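Only one chain is included here, represented as structure tokens and corresponding to the form predicted alone.
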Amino acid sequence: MAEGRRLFAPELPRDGGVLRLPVESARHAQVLRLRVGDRVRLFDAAGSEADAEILDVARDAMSCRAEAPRSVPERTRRVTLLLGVPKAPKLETIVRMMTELGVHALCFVLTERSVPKLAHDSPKLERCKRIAREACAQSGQARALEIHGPEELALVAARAPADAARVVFWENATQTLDAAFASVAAAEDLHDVWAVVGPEGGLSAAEIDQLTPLGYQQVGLGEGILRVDTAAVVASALLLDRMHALG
């Protein structure tokens, strides 16, 4: 019955063996009402999984006997989203949905209209990483969303690989996503996309002027203006769909 249950394990024994799981996994097991003898699947959120049997489980402690781990192939279609730092209540929702969709990386960027402050060592970032692992357990993703930043928008945008497609979603843009990708011969050629979504106040014209020489094409998301959490999810889903990465 519990065969499909997934629990996070920071390290999986190379040849299998007994290991203790972190507190977050023990509490997750309690929520799932898992018991001694149940079979589960452990994952390290970095591409390795292992089948295991629960040996003991309590609220803050848990141990399993794991089989030798196996590697899960890396994604062949990768979306990296550069997102203007949103307000705190939206952080967790965005991270959870990005992980469920299979977005490769989320880079928080500082923009002219970014109001919230987010430090590199902020507890909010650590919580976001935990939320990503939890979303992996729920959605079956083998790899957690990579979370980076925050850094200045122009600095991060310039790091896109030379062969990556680049778009910036902007409320004043009139070009469609399909038009932006018209130069791509086929979806099979679309392996790596870097996309920018602004904060609550949107991106300024000056920031768009900075992104244009870096190869970022302006793309619209319809006639209305979307909230940042909505825009991030819609943009990511549209990109993954165009890359044939959703099915």
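Numbers follow the displayed sequence, beginning with 1. What you are looking at is a predicted structure, and each value in this text was computed from that prediction instead of being measured.
Beyond what is shown, the protein has a form predicted in complex with another copy of the chain; the following relates to that form.
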| query | finding |
| --- | --- |
| Stretch in contact in the predicted complex with another copy of the chain, which is absent here, among 155-163, 104-112, 91-99, 121-129 (heavy atoms within 4.5 Å) | 91-99 |
| Distance check, Leu221 to another copy of the chain in the predicted complex, heavy atom within 4.5 Å | yes |
| Interface membership of Gln141, another copy of the chain in the predicted complex, 4.5 Å heavy atom rule | yes |
| Exercise: Leu238 in contact with another copy of the chain in the predicted complex, heavy atom 4.5 Å | yes |
| Distance check, Arg227 to another copy of the chain in the predicted complex, heavy atom within 4.5 Å | yes |
| Residues Ala180, Leu190 and Thr212 all lining another copy of the chain in the predicted complex, heavy atom within 4.5 Å | no |
